[in-house]
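Single chain ahead, by itself, as structure tokens, in the form predicted on its own.
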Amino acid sequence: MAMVRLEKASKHYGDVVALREVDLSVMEGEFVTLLGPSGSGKTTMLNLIAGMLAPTSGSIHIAGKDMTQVPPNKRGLGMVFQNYALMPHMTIFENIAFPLRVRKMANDEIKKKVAAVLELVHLPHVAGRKPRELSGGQQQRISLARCIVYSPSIILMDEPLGALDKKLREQMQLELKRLHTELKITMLYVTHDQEEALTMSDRIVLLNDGQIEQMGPPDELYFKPRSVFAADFLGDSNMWDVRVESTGAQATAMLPSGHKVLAGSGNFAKAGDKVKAMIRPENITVVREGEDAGRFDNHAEGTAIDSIILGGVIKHYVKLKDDVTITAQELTRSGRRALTPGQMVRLAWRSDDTLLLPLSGKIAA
């Protein structure tokens, strides 16, 4: 069952179009992330669903009912914000109990529900504290507990981890995913952080300029983007201007220098078309002396520019003879040393990991 359905929903502010007649269905129990740069329309879409904004056109359906004209407090939704929105003069118990008291629930039932939800977020010992006595991560978990406690059918989250440091944010990502798995609540999450979206989502809805650019499972958007925008926004990518020589099960394209690149299916293009070739850095192998590169069908040689160690990975920057720069990425491990600037480097990658993308627009789904 679709818990949320948007039909031709749009939002205009005079001549400014914030959202352009989008269609979207979020299924029961799904964790769907609205991802995109600032101004792409993701928060506008969330606010239309929440009832904070009225659509200029189209309709909003929640749990099978048309909620387009229904006020926010009648939609049965939960909201979690970036700023926690906890009441500083209340204890943690009273903060969580507040929505239950508004619903005139009996005191004994309130105590049971608050205790249960504090156990769920692994903070049973903080009930008597005030919000200022908790860390940022703890406050965000309490904000989530206050939302969960009245059992909403859908939880909407607007960049709830944006104020946390990197390590705490990663911990909270796992915590949110755990809660989603345990509670099986439909969650709709807004972020501009691509790693967050890839880590947590069942499905990502990538927005660009007020419309849906592409949507699907994280691995599909990452490895099979259908546009230059999707490939460039989600993760790192090598992107080259090439001319298509032939298409089919395997396509052949040429860099301006004449270097041949073998790619996966290029059925959207025809011979002579100018397109973009895209390859993820982690799919490019630096071939060391004595290593066999026979399993790869793309090969190139160049000069090392630099290597940068980024914790668990190391990025190598290599310039080919035609001044095209390639980024290759490897896991940081013993025996894999940084490249010395100026040394000759052999690179190799598979044609199946190389995508051809149109210069503008996108490949049809």
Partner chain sequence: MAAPEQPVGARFARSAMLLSATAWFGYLFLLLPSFVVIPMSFGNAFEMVFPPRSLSTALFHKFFFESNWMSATWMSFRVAVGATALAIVLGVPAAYSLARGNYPGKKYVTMLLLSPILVPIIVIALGLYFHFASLGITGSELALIFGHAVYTTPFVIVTSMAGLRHVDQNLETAATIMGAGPLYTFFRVTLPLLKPAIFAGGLFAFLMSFDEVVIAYFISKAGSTTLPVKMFSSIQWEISPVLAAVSTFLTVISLIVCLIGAFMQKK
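Bear in mind the structure is a predicted one, so any value in this text is a computation, not a measurement. Positions refer to the first chain, counted from 1. Definition used throughout: the rigid core is the maximal C-alpha set that superposes within 1.5 Å between two forms.
What comes next is about the form predicted in complex with its partner chain, which does not appear here.
- Mapping the unseen interface onto this chain, N83 counts among the residues with a heavy atom inside 4.5 Å of its partner chain in the predicted complex.
- P88 belongs to the set of residues with a heavy atom inside 4.5 Å of its partner chain in the predicted complex.
- Put simply, A106 is far from its partner chain in the predicted complex: not one heavy atom of it is within 4.5 Å.
- Under a 4.5 angstroms non-hydrogen atom cutoff, its partner chain in the predicted complex lacks P218 among its neighbouring residues.
- Between the options I60, A50, I326, V26, the residue in contact with its partner chain in the predicted complex by a heavy atom within 4.5 angstroms is A50.
- Of the listed positions (P72, P124, G264, G235), a single one reaches within 4.5 angstroms of its partner chain by any non-hydrogen atom in the predicted complex, namely P72.
- The stretch in contact with its partner chain in the predicted complex, judged by heavy atoms within 4.5 Å, is 75-83, chosen from 75-83, 168-176, 111-119, 246-254.
- In sequence order, R101, V102, R103 are the residues of 101-136 having a heavy atom within 4.5 Å of its partner chain in the predicted complex; the partner itself is omitted from this view.
- G258 is not among the residues whose C-alpha shifts by 2 Å or more between the shown form and the other one once the rigid core is aligned; its shift stays under 2 Å.
- Relative to the superposed rigid core, the position of the CA of Q173 differs between the shown form and the other one by less than 2 Å.
- The Cα shift for P88 between the shown form and the other one, taken after rigid core superposition, is 2 angstroms or larger.
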